[in-house]
Each structure stands twice: as structure tokens, then as C-alpha cells.
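One chain follows as C-alpha cells, the form predicted on its own.
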Amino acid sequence: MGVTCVSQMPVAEGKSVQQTVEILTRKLELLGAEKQGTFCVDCETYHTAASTMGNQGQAGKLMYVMHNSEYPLSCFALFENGPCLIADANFDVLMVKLKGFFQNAKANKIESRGTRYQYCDFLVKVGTVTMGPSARGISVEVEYCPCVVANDCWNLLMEFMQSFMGNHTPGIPSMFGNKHDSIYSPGDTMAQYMELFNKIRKQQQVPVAGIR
């Protein structure tokens, strides 16, 4: 597990989500990146049940339960601006038993699926983000495998991302500012996906063309 940056790639003007994904992956292949299977990251939203809230005007808390195909035996539970709990896959069963406390907002399920690419020491995942049947955006995850301290490799990560993302190369993720010289962990990647998914959910725009 190396230092990872997760960002959103805007849909190219006049193109669909799928066409933009194809443009990106073609650039990666021209660089010499090789396909290494597929990936999936999904996220389900749970909100605190009304029966557990003392005051009527009190805002409920949201919890995000996430899975990543890179870690098939793990389940990640995150609160916005809060801690990340890493549990085994049976955590999903526990959430069913806790339905009196947390209720699943099923309409909010969101996921990113796509192809993994390996280029030298970099692992790149370009995914189509979907909610229900609609494609809502594009995620790009870039991992620099040999390094586990963000400050030591951010410039190298950015330089590589510029080679295929151009002007859409992201800035330093907000969470990196809190990490400084600490060790990067899988939970940090999931926190970035949570931020990305929430950003895409809030974008008030007509769903773009579905996957073909």
C-alpha cells in the first residue's frame, strides 16, 4: 500500500462519460501502462434512526460503509470529518442488526468501477462512478507503490498525473495536510473516495449518458 491520490476527472466537452474514460485509458496505454484487471469501490450511506435522536431539531449523523476490491476481506466505516473504522467483511451483517440505530439510505448507494493499470511503480485506476443506472462521473486513483509518506512523493505523483490528466491534475488532497510525515494507510484512500462520492452526489446536474 503506497501513497494514493483520488480525484475526479471532468467529462470532456461534447463527450460522454464512457468516451472520456476511453480517452484517458488510451493515454495511459500510450505511456506504456499495462492492464492489471479491474477494481470496484462502493459506498452505502447510513443515517441515525429517528428513534435514537433526543431532540426533534437535532441533525442526524451520517455513516458511510465502504468496500474496496483491493481489500476483499475488509469493510470500512467512516464518519464525515471523523474516524475510519476498518473491520472484517462481516461488518455488513452487523449493520443489518443495528437497523434500529442506523438506517440504510439505499437510494444513495454509489460506486466506481473500472480498469487497473500498472506503470512502473505507479498503480492507476480509472473508474466510472454510478448511482443506480446512471453514470455520474469519473474517478482517477493513482498510487505510488514504493512510498508510504505523502510529503516524500507528492511532487512525483503530481508530475506523473500531469502526463495523462493535463490541466485536470488535482491539487494536494485536503487530508494530506493533516498527515505531514505520518504513515499513509488504506483508510486514507477510502476517506478520499468518500469525499469524491459526496462531491458527485451534490453536483446538481442532469445525469450524463449511461454506460454503453
Partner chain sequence: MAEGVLSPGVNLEAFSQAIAAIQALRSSVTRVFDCLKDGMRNKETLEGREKSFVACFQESLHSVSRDLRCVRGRLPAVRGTGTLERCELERLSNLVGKPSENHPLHNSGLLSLDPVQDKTPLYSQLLQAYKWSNKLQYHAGLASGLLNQQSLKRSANQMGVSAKRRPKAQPTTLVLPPQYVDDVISRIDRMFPEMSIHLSRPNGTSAMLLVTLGKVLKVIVVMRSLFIDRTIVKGYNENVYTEDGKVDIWSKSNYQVFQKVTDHATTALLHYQLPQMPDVVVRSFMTWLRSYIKLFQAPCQRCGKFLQDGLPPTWRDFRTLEAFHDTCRQ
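As the structure is a prediction and not an experimental result, all values here were calculated from the model. Residue numbers count along the first chain shown, from 1.
We do not show the form predicted in complex with the partner chain, though everything after this point is about it.
K.L.:
Quick one: in the predicted complex, does every one of Cys145, Cys153 and Leu156 get a heavy atom within 4.5 Å of the partner chain?
P.N.:
The answer is yes; Cys145, Cys153 and Leu156 each reach the partner chain.
K.L.:
In the predicted complex, does Asp92 come within 4.5 Å of the partner chain, counting heavy atoms only?
P.N.:
Contact check for Asp92: no, nothing within 4.5 Å of the partner chain in the predicted complex.
K.L.:
Contact between Phe102 and the partner chain in the predicted complex at 4.5 Å, heavy atoms?
P.N.:
No, Phe102 is distant from the partner.
K.L.:
Is Tyr46 close enough to touch the partner chain in the predicted complex, meaning at least one heavy atom pair within 4.5 Å?
P.N.:
No, Tyr46 sits far enough from the partner chain in the predicted complex that none of its heavy atoms falls within 4.5 Å.
K.L.:
Within 4.5 Å, heavy atoms only: does Val149 come near the partner chain in the predicted complex?
P.N.:
Taking the distances in the predicted complex, the answer for Val149 is yes, it comes within 4.5 Å of the partner chain.
K.L.:
Among 156-164, 64-72, 169-177, 36-44, mark the stretch whose residues have heavy atoms within 4.5 Å of the partner chain in the predicted complex.
P.N.:
Partner-contacting stretch among the options: 156-164.
K.L.:
Sequence order please: the residues of 109-123 with a heavy atom within 4.5 Å of the partner chain in the predicted complex.
P.N.:
Contacting residues: Tyr119, Cys120, Asp121, Phe122.
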